[in-house]
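Take a look at this single chain in structure tokens; it is the form predicted alone.
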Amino acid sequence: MDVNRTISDVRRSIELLKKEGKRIAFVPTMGALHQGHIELIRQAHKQGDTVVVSIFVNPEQFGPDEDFDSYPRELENDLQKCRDENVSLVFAPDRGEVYDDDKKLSIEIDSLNKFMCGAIRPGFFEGVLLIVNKLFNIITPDVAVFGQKDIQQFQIISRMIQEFNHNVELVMAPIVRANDGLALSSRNAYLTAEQRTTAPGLYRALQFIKKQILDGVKTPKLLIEHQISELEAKGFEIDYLDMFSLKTLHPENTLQEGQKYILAGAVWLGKTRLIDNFLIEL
């Protein structure tokens, strides 16, 4: 497995792979790889001839009071996991390689970040698009794999690919869960033992709401409000929990047959932010 730390080196490596006729499947990560990332890599193997993984903790998607400095960094461990999964190439740059201190350009988002995580974390998705746009230009993959857990991110990147004319196919990999339903995340490492026992409450609340909707509930507002109260009673602080249009990412109070929705929640448990979602098609 090759490990490249500079843009010039990784471009040379990609050029060689493409000369060999390889279809490149790309998995961008911020490291601290867990089983969810491993499943993304395995999905990438199904999509291409060779898998490229990036490991870069992107400062542009962290707010001033967020956990950039404390975000887990485990590069050697991550590289070994990539070797174990037959990754061909890892791009692991430092900040100075990716960002110019005199940066003068940015990316704006119109309305897709107005709700969900975009409403709670201003500037977050602009930072995500900035790094993904850069990585697509550097790696020039044929296909890129992202996880459903970050569904708003997936939808916004999908729109970027369309509007910026990136020649890359986007694949969504399903959420990987622990045995008790908790969606896997690098930030789960922040949970105390007691919080880890409580954390699957978000999954169970979403699962309950989903069942009621599939059983015929078309105006789930009161149902959702009740689950929010239940979660708060268990010690969760709620950023949001609601139904959203898959297309617009805006809240939907009345559900219609033939439409696609995201049932999504983001909560805090102590110092740990948890997100989860279900895709629902009526």
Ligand code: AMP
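For clarity, every value in this text was computed on a predicted model and none was experimentally measured. Residues carry their position along the shown sequence, with the first being 1.
Just so it is clear, the following notes concern the form predicted together with the ligand, a form of the same protein that is not shown.
Visitor: Does every residue of 51, 91 and 161 put a non-hydrogen atom within 4.5 angstroms of the ligand in the predicted complex?
Guide: Judged in the predicted complex, none of 51, 91 and 161 sits within 4.5 Å of the ligand.
Visitor: So if I measure heavy atom distances to the ligand in the predicted complex, which of the stretches 149 to 157, 110 to 118, 135 to 143, 199 to 207 falls within 4.5 Å?
Guide: Of the options given, it is 149 to 157.
Visitor: Can you pick out, from 247, 46, 218, 34, the residue that has a heavy atom within 4.5 Å of the ligand in the predicted complex?
Guide: Filtering the options by heavy-atom distance leaves 34.
Visitor: Which one of 191, 175, 87, 98 is close to the ligand in the predicted complex, taking close to mean a heavy atom within 4.5 Å?
Guide: That would be 175.
Visitor: Even though the ligand is not shown here, does residue 227 get within 4.5 Å of it in the predicted complex, heavy atoms only?
Guide: Although the ligand is absent here, residue 227 would stay clear of it in the predicted complex, with no heavy atoms inside 4.5 Å.
Visitor: Indicate whether the ligand has at least one heavy atom within 4.5 Å of a heavy atom of residue 231 in the predicted complex.
Guide: No.
Visitor: Using a 4.5 angstroms cut-off on non-hydrogen atoms, would residue 30 count as touching the ligand in the predicted complex?
Guide: Residue-level check for residue 30: yes, a contact with the ligand.
Visitor: Is residue 184 part of the interface with the ligand in the predicted complex - any heavy atom within 4.5 Å?
Guide: The answer is yes: residue 184 has a heavy atom within 4.5 Å of the ligand.
Visitor: Could you pull out the residues of 45 to 75 that have any heavy atom within 4.5 Å of the ligand in the predicted complex?
Guide: The one in contact is 71.
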